[in-house]
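First comes one chain, alone, set out as structure tokens in the form predicted alone.
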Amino acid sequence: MYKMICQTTGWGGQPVRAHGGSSSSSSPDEDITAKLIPITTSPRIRVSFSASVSDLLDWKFVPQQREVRVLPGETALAFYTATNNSDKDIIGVATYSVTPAQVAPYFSKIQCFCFEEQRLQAGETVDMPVFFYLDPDLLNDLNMRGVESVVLNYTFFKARYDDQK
């Protein structure tokens, strides 16, 4: 429940999961589309990527690129690579955060591997995409003044109920 609240509000450095508004007069796609207009008069913001893995999970997990530079309202696609180094299939779950924390309400993920658990077969390597944008409303937030760079971090953990050891 706490994670759902954080994802909806951006509390605790949790990026917002992009979805349409609750207005009955417009479709969810219209609400998102209105935010996806790059603000070309704004400076680009550097988004850096980092990754880690729990000691209990025998995976290698790394971002494929160090950073991208995006305009508010511009979509971006980044990839991480995960490899299961064990001889057993393993289910992992990713947690994520954005720093500085005041960026979280404006960091919206359209699609992300972190929305669902990931099952990797023994020895398997997969590419994991995250499709996101920075909400242009950040330009109207005084707390965002001077923020020129953002870090998106993921940590993978072994799913609790994955009884394989």
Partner chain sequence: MSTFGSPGALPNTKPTPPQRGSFPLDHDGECKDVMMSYLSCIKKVKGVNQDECRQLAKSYLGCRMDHNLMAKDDFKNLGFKEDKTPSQAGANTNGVKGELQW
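Quick caveat: nothing in here was measured; it's all calculated off a predicted structure. Residue numbers count along the first chain shown, from 1.
Same protein, other form: the form predicted together with its partner chain, not shown, and the subject of what follows.
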## Note on the structure
The one option of 139, 39, 51, 36 with any heavy atom within 4.5 Å of its partner chain in the model of the complex is 36
### Message
Under a 4.5 Å heavy atom criterion, is residue 129 part of the interface with its partner chain in the model of the complex?
### Response
yes
### Query
Hey, in the model of the complex, does residue 133 get a heavy atom within 4.5 angstroms of its partner chain?
yes
### Query
Does its partner chain come within 4.5 Å of any heavy atom of residue 143 in the model of the complex?
yes
### Task
Verify the contact flag for residue 60: yes if a non-hydrogen atom of it lies within 4.5 Å of a non-hydrogen atom of its partner chain in the model of the complex, no if not.
no
### Message
With its partner chain taken in the model of the complex, which residues across 49-71 come within 4.5 angstroms through any non-hydrogen atom?
### Response
64, 65, 67, 68, 69, 70
